[in-house]
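Take a look at this one chain, the form predicted on its own, written out in structure tokens.
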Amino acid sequence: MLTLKQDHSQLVVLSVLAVGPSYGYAISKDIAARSEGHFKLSPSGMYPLLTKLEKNGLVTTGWEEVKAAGADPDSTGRRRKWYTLSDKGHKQLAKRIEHHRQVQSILDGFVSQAPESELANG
């Protein structure tokens, strides 16, 4: 498993939300699935990040009541917070993707010049 830095975590979460609205647990599951288990964002990392994204206007939120299957229809369920990428979030994601591509291109220039023997011994 690889550890995501804060900047990378933000890029990954914004990318997940670009597909559609989601809630914290589903976002973390999607990140693990899309990275084939290489990236995992724990609740202690996920929820402060989502709070920061909300405070910065990059996501909007809404609540949904969730009831267990077979629950009494008159009983109250637990609340689930949904996150949706805002217009500002879409713009930020586009900037982050462009920055990532620029950095990746520069790094690829270094990697492509590495001697084959270094790549085999790596």
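All residue numbers refer to positions in the sequence shown, first residue = 1. None of the values given here were measured: they were computed from a predicted structure.
The same protein has a further form, the form predicted together with the DNA, not shown here; the description that follows concerns it.
Contact here is defined as any heavy atom lying within 4.5 Å of the DNA in the predicted complex, and by that definition not a single one of G57, H90 and H99 is a contact residue. Contact check for A68: a heavy atom falls within 4.5 Å of the DNA in the predicted complex. Looking at R79, you'd find a heavy atom of it within 4.5 angstroms of the DNA in the predicted complex. In the predicted complex, no heavy atom of H38 sits within 4.5 Å of the DNA.
Contact between K95 and the DNA in the predicted complex is not found at the 4.5 Å heavy atom cutoff. Contacts with the DNA in the predicted complex, taken as any heavy atom within 4.5 Å, map within 45-64 to Y47, P48, K52, W63.
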